[in-house]
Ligand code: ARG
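So this first bit is one chain, no partners, the form predicted alone, shown in C-alpha cells.
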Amino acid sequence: MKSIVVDILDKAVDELDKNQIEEILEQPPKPELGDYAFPCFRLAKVMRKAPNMIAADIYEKVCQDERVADTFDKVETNGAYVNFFTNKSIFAKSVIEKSKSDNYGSSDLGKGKTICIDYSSPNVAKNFHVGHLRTTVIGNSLYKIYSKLGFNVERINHLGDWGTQFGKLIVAYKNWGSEEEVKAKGIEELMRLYVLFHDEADKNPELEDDARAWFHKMELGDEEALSIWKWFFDISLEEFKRTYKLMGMEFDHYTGESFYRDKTDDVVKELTEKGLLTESEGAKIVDLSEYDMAPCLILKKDGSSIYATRDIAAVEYRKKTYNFEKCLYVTGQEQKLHFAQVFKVMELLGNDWAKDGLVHIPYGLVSLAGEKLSTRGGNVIYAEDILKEAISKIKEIIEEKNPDLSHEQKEEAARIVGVGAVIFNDLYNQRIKDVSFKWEHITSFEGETGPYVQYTYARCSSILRNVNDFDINGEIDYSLLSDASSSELMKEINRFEDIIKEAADRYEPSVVARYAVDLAQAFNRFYTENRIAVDEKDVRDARCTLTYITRRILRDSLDLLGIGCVEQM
C-alpha cells in the first residue's frame, strides 16, 4: 500500500523523486487522520507557495489517478498534509497475505556479506558481574537482527585474558593461595587473591615489579607462567559459559587477547615500516595529536604489548579471516577514545575500509536503584545472581496466578520469563542511556515489560488452542477486518520489516523492544473489542488469522532480543 501511495505521489510531485517522497511520507498518529500523510513543508521553498496551497494542488493531481478510487476510501487535505485513507479490505488483504509467511521479516539484504560482532568479553579470573549484562544482551540481539537480514554473523567473545593483571594474580597465588582453595571456589577465590595483591602491594611496592616480571615471562612463553594462566583461564570460561547457558546464548569464537599475542610483532613491524611508530619516554606510540587525540600506546617501556596493540592485531586478523563488511564493538562508552585511536591507526595504515567498516557501539551504565540484591560477598553483584533472583520472583507470581500448571511447567516458564524480564528491561532502553534495575517494574506483567509481551504471546496461544477448526491457509473475508482495532493491529504487523532494518541501521535493539510492546498493546485492544471464538466461522477465521500472525511476530520480535516464549504461564 505504501508503494502505491509513493507511486501516485511521484506522478503528482515533480520536485521530488520516489526515494525522497518515501523518506518524508508519514504514518499519522491518529487513525482519523488517515493511514499515510504527505507533508508539503519541504516544497514551500522550491515552489514559493504556502504549504497548505501546495497540498491543495497535489490533492487535485492525486485525485485524477485512476488507482485512487480502487485503493482508497478517500484522500483529503488537512492543512499542509495530503492524507490517504486506505480501503480497509484491500489493506487487510495486502498485510495478511505477506505476513502469513513464516519468513515474514527475513531478508537477503546481507546475502554474501559478513559482520563480526565483538561483545560480552569479560575479564578472565574476574566474576561475570551485572555490568557485563549490557554488552552481552546488546551484542546477542544485534547478532539476531543481522542474521534475520541475511548477513553471516561471526559472534566473537574477546575475553580479557592477557595483561599485567595475570602477573599480579600469579604472584598472589604463589604467595597466599592454594590449589585446593582455587579448585573449590573458582573465580571467587581468584578475585580474593587479586584484591589481596593490591592490599599487600600498597605496603610492599616491590610486588608490582614481581607482577610485571611474571607477565613478561608469559609473553616470553615461560612454561610455568603459561600453565598457571591457562588453569585460571579454564576455570573462568567454565563459569562464564554457565551464565551464557542460563541466558540461552552461544559464541562462535572465544578468541581473547591472548589469541593475538603472537601477532603483535607484525603490528609493530608494519607501524615501523610505515613511519608511524615513535618513541616517548621509552615507550612506543603512534602520535595522534593531529587528530586531537592522545597518543596510541603500542609497546610499554619493557617491550610488553598493550591491549591497543592486540586490538589492532585482532582487526587485521578478522579482516583477513572473515573479510567482514563491518566489525562492531559493543563496549561501554568509557572506551570511546580507545576505539577511536585504534580505528584511526588502522586508517593511517592505509586501510580505506576502516572508516566505515569499524564501528564502536557504546552503551550507558547499569544502576541498581537502591535495591538490595543477593551477592557473594563484597559489593560486586554477579549477573548469575540477578538472573536467578528474577527467575525466583517470576516463579512466585506464576504459582499465585496459575497454580494448576505442573511443577515442570512452572520451572520452565519462570526461567524463560525471568531471564527474559532482565534482558527486556535492558534492551527497552536506548543503549546509550543508563539502565536501572527496579524489581517491581522488571517483573511486572503490566506495562512496557518483557513479561507483558510474553503474556500476550501466551494469550494468543491459548486462543488458538481453543479453536479446533482454524486453518491459517484457509480463505478469509477481509471485509470482516475493517473495524478500527483490527486496522490498527494490522498497521503494527505491517511495520515489522521496516523495524528490523531500522534496528540494524541504528545498531539499536530498543527499536525492536518498543515495537514488541506496541504490537502487544495493539493486539490486546483488538482482543478487548473483538470476541474471537464466535459462532460465525467466517468471523472466527478472520480474527484467528490476525491472532496467529500476531503470535508469530511477537515470538520473532522476542527472539530478535534473545528472549524465549512460553505457551502457558
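This is a predicted model, so every value here is computed, not measured. Residue indices: 1-based, along the sequence shown.
Only in words, not in the display: the form predicted in complex with the ligand, which the text now covers.
Site check by superimposition: the ligand, modelled from its position in the predicted bound form, clears the backbone and C-beta atoms of this form, with no atom inside 2.4 Å, and the site reads as open. Every member of the trio 158, 307 and 329 reaches the ligand in the predicted bound form with some non-hydrogen atom inside 4.5 Å. By the criterion of a heavy atom within 4.5 Å, residue 152 is excluded from the residues contacting the ligand in the predicted bound form. In the predicted bound form, the ligand stays beyond 4.5 Å of every heavy atom belonging to residue 351. Shown alone here, residue 118 lies within 4.5 Å of the ligand in the predicted bound form, counting heavy atoms only. Looking at residue 338, you'd find a heavy atom of it within 4.5 angstroms of the ligand in the predicted bound form. Distance criterion of 4.5 Å from any heavy atom to the ligand in the predicted bound form singles out 132 from the list 168, 132, 431, 415. Among 210, 492, 189, 311, the residue placing a heavy atom within 4.5 Å of the ligand in the predicted bound form is 311. With the partner omitted here, the stretch from 67-75, 269-277, 402-410, 338-346 that lies within 4.5 Å of the ligand by heavy atoms in the predicted bound form is 338-346.
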